[in-house]
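Read the single chain below, which is given as structure tokens and is the form predicted alone.
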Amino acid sequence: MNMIVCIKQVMDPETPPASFKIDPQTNKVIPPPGIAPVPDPYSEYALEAALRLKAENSGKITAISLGNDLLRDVVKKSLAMGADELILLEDEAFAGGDSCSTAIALAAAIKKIGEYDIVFCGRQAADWGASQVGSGIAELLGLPCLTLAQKVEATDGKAKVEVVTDDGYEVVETTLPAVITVSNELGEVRYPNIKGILKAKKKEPIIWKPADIGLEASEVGAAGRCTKLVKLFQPVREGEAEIISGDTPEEAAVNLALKLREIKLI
């Protein structure tokens, strides 16, 4: 079974919000100094789903990352975890894209790879959280798409997927090839072992530019955006606090109850 996993490099989602700065002129986030980017956590769930299928069915996993000046220690983590190949769509032209131009580039790269049974993506990215790229790839490739998968099984040219719903999950079956986006309900993601880390250090990624996947620079990245970012800003959060006092805990409790009744919360 041949699988492709789309993995994004993002700013560390654990970074304190106060560390982020925004350039209002360019509508871009200024990376906090001293904080390195990481693989998108949802992308790692997608890779874990592929690794579990590989253990059951054998086959090959190709990881794809898109961007410019990608950090090798970050993108090579997919190799350390168990992916067989790493393709980087890496060029200045790929920078600044939206969900649309990103999906166009990834779909073109997947077409070039040619042989695959499942394309895995994370349910969303930890930075923008749009949840659109996986579905966009499926639309461009003319493939069925199942989203929010928490378990994936594949046999005889079909995949059986547990899809997360508001009140549990439902089991859906699809023919292959297909695009599947994976949710965090999948469970724990494995850590790279020493063997995998050493393998990743030795293996070099394949680099593709826009021309290598049959696209013009005007079709990808910022130039190929389908949407316009009007304003990027940090919301202002303000709060008020009132201290309810009393000479004794009992009196403070009574005063609190009276205040809650006054503002019609009880």
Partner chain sequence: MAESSGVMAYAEASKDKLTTTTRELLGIGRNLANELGEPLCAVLAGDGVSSLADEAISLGADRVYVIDDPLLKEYLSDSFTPVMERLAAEVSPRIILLGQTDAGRDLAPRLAFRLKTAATLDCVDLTIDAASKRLQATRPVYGGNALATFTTETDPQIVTIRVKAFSAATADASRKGEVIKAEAGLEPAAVRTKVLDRIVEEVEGLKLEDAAVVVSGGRGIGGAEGFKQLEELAHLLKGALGASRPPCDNGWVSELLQIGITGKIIAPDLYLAVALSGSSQHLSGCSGSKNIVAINKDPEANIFQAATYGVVGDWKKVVPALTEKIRELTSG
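Between two forms, the rigid core is the largest collection of C-alphas that superpose within 1.5 Å. Positions refer to the first chain, counted from 1. A quick note: this is a predicted structure, and the numbers were derived from the prediction, not measured.
This next part talks about the form predicted in complex with its partner chain, which is not shown.
Residue contact with its partner chain in the predicted bound form: P249 places a heavy atom within 4.5 Å of it. At a distance threshold of 4.5 angstroms between non-hydrogen atoms, V171 is in contact with its partner chain in the predicted bound form. In the predicted bound form, E242 approaches its partner chain with a heavy atom inside 4.5 Å. Within this chain, T175 lines the site of its partner chain in the predicted bound form, having a heavy atom no more than 4.5 Å away. Interface residue among A154, A80, L146, A108, judged by heavy atoms within 4.5 Å of its partner chain in the predicted bound form: L146. The stretch that touches its partner chain in the predicted bound form, counting heavy atoms within 4.5 Å, is 42-50, out of 198-206, 214-222, 42-50, 58-66. By the 4.5 Å heavy atom rule, the three marked residues P13, A103 and T165 all count as contacting its partner chain in the predicted bound form. With contact defined as any non-hydrogen atom lying within 4.5 angstroms of its partner chain in the predicted bound form, the contacting residues in 111-137 are R123, Q124, A126, D127, W128, G129, A130, S131, Q132, S135, G136, given in sequence order. Once you line up the core between this form and the one not shown, the Cα of T15 stays within less than 2 Å of where it was.
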